[in-house]
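Only one chain is included here, represented as structure tokens and corresponding to the form predicted alone.
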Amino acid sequence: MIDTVNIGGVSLKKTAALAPMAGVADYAYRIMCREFGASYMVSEMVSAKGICYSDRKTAELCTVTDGERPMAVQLFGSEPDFMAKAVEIVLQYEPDIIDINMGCPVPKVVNTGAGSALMKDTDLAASITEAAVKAAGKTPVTVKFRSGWNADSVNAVKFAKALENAGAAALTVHGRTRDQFYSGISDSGIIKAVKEAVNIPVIGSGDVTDLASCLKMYEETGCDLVMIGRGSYGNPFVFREIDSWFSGKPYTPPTVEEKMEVMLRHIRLIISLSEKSEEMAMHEARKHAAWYMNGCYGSAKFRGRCYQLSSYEEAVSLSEEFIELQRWHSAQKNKQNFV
């Protein structure tokens, strides 16, 4: 039987969760990952100030469907008043959890004083959290952040304690500094230190790409839940692998045929959920198609061709060609082994 972790009354399977990823983890992506076993997911980040000014994309970004639950809506901002107002607005979409982003490293977010910039001002971060918690009422508020701003200011433990005192129901820690962005190696020691310093659940994030790295994260940090981001690119199967292990069920890695079948289903979802034309929706689908081909023979050339796709039928033809190449390559290897 799979263990669970409780976040402010919300019970989550202790397997693996899907990280919030702007421009990637949209509704279609979340549906695919949930289907393959993601235990919990967080929306793409939404601007608190944008919500307060009735941003037209609010409903699209904040809507939570029953099939996605348990799910959090993630907000970012640098002003407590705007954050509190945004939380009140978001509550109408009935998220299970409100998450605050204090870890995004991209300049357009950091330059507004939000995201990982808040790690330079613990008092302000705590004030934002406290305002959100007060506005959220019974809905738990969590915070996602990094190990620090840079190598000279690794302050995750101090930061975590302040957020716990401000009322956060759980914390997600990515083991890199802002300066690292997504380069180098995630420091699991920081996640462990935070876990040992607070009395609320801690979610570990960074460099989890398969069952082995997931189990390593649990073992090395003692975290309550593991979160997967880039490791799920074109790979919703990672959630099935992890869920199977914790459920005591056998796991069979996907064949190239299954990868292409799932890729095409993902593309169909993107097209069906988009308000744009098929050609425009395919622009969004291109990167996903390319990711599903990673790690296979000749994938570099095919990934390049993915970025030229303009229709679903083109994607079907490309996937069939890709499968044929993999079968040919497998046959060649078998011949060499026989000789």
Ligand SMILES: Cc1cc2nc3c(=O)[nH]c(=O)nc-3n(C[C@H](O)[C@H](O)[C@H](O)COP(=O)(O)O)c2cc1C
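Note that the structure is a prediction, hence the values are computed from the model and not measured. Numbers follow the displayed sequence, beginning with 1.
Unshown form predicted in complex with this ligand; subsequent notes refer to it.
In the predicted complex, every residue of the candidate spot (V24, Q74 and H174) has a heavy atom lying within 4.5 Å of this ligand.
Per the 4.5 Å heavy atom criterion, this ligand in the predicted complex is contacted by stretch 174-182, the sole one of 255-263, 188-196, 174-182, 120-128. Note on contacts: among I270, M293, C33, M45, the single residue with a heavy atom within 4.5 Å of this ligand in the predicted complex is M45.
Contact with this ligand in the predicted complex, judged by any heavy atom within 4.5 Å, is made by just one of V90, V202, V208, A132: V208. In the predicted complex, no heavy atom of P80 sits within 4.5 Å of this ligand. Proximity of W149 to this ligand in the predicted complex: non-hydrogen atoms within 4.5 Å are absent; the residue sits far from the partner. Residue contact check for N101: one or more of its heavy atoms lie within 4.5 Å of this ligand in the predicted complex. By the criterion of a heavy atom within 4.5 Å, F159 is excluded from the residues contacting this ligand in the predicted complex. Residues of 231-262 that come within 4.5 Å of this ligand in the predicted complex, judged by any heavy atom, reduce to Y233 alone.
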